[in-house]
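Take a look at this single chain in structure tokens; it is the form predicted alone.
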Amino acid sequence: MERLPGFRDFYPEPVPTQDVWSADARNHIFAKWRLTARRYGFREYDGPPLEPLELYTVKSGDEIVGQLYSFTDKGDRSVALRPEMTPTLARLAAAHERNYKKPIKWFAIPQLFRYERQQKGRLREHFQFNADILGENDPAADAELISLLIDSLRALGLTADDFVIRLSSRNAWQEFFNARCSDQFKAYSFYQIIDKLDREAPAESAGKLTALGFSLSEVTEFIQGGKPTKELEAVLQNLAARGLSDFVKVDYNVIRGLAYYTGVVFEAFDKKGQFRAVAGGGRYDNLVKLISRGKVDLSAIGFGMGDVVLLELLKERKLLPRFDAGLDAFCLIEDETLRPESLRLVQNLRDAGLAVDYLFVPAKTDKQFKRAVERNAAHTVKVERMSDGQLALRMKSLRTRDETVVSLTDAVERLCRATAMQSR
């Protein structure tokens, strides 16, 4: 039986084939995301993978239903697998924002689902690093989020030679639009055209703009001018003070197609242009108010970074570490009469925090040793009965081949010490 199209299987390394994904690589990325977010003082939250369908239609309109895994459940409720995390965050914040000091700094690593056409860098499910700041209007919050995004990518080994954060402003585009058109019903269509300028032929974009009363030349002139707004200038100065100027540039080509963005918007791109946007986000000050039906008005800014494009980028840059999942020790059981004592040793070593394994059933010594090598064990350990009848531990380093015999009472301390020395 095969997996569904657009979904992934995650195997431990080494992965058996090229069409499956590495669970070790996924966990490596998750660990870096969590570590960086916590360094910035963010707290982790989560929510259910199944939400009321209305949570998404109230934000994006009924047209989003065609992109969702949605259905009517046994309670006759219209529900959907979450396609994004921000509506859930807005629901959570609206329900209990009084219980948290502002600004709220939260992150999550949800699995998201969209029923849409598969293409390079886009599947029907993916994991995503979401980070948001709620309850702060100052551009310093925007700079903090962008700095977190930069450091999340740096933590994975990427540098200013690998990626750039392109900054833009929906306020700047709104001013451009308002100066030339008074019909706000055309705004959404206009932003959709701008969002696709890099992906569509100039003639096609020009025709669409002309139909709305704009010209491609004036749009191009505005983008090439790239004059930072007051809010963008504040963000740039903040990032410069951190020494992060090399990672950002103003680029009004970035518009973010989602209608709810209200201020600074940004996207992270690899500088070689081989992949889709690695991450994207911006300020969305009206969403919590919309989700709460006007009961809670809370400003917000956030970003999302998916694992699919990011993993492909790390592979291409050869920045993934070697995943060998080695053991600290493998316990050899040559004398079956000593299996109970060996099991007690294994348990004591595990209780001390060491990674230890052994064979469940009797086997020849060479088979056990081969298994120890296959598991990349740092040491083999073996309980032996000495000539005086006392039990002792024979410990062997598979790196240096040095052997040591110690008493069982000293076994845990000696192996912990040896493991610590080898890890230096």
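It should be emphasised that the depicted structure is a prediction, and the values quoted were computed from it without experimental measurement. From 1 onward, residues are counted along the sequence shown.
Another form, the form predicted together with histidyl-adenosine monophosphate (HAM), is not on view; read the next lines as being about it.
Annotated contact segment (heavy atom within 4.5 Å of histidyl-adenosine monophosphate (HAM) in the predicted bound form): 120-128, selected among 120-128, 241-249, 164-172, 331-339.
Taken together, A277, Y284 and V309 are fully in contact with histidyl-adenosine monophosphate (HAM) in the predicted bound form: each brings a heavy atom within 4.5 Å. In the predicted bound form, histidyl-adenosine monophosphate (HAM) lies farther than 4.5 Å from every heavy atom of Y191. Taking the partner from the other structure, histidyl-adenosine monophosphate (HAM) in the predicted bound form has a heavy atom within 4.5 Å of a heavy atom of R114. In the predicted bound form, at least one heavy atom of D132 sits within 4.5 Å of histidyl-adenosine monophosphate (HAM). Of the heavy atoms in Y261, some are within 4.5 Å of histidyl-adenosine monophosphate (HAM) in the predicted bound form.
Of the candidates G304, P228, P110, P139, G304 is the one whose heavy atoms come within 4.5 Å of histidyl-adenosine monophosphate (HAM) in the predicted bound form; the others do not. None of E97, D270, E84, D151 but one reaches within 4.5 angstroms of histidyl-adenosine monophosphate (HAM) in the predicted bound form through a heavy atom, and that residue is E84. Relative to the shown form, the CA atoms of G302 and E63 are brought 3 Å or more closer together in the predicted bound form.
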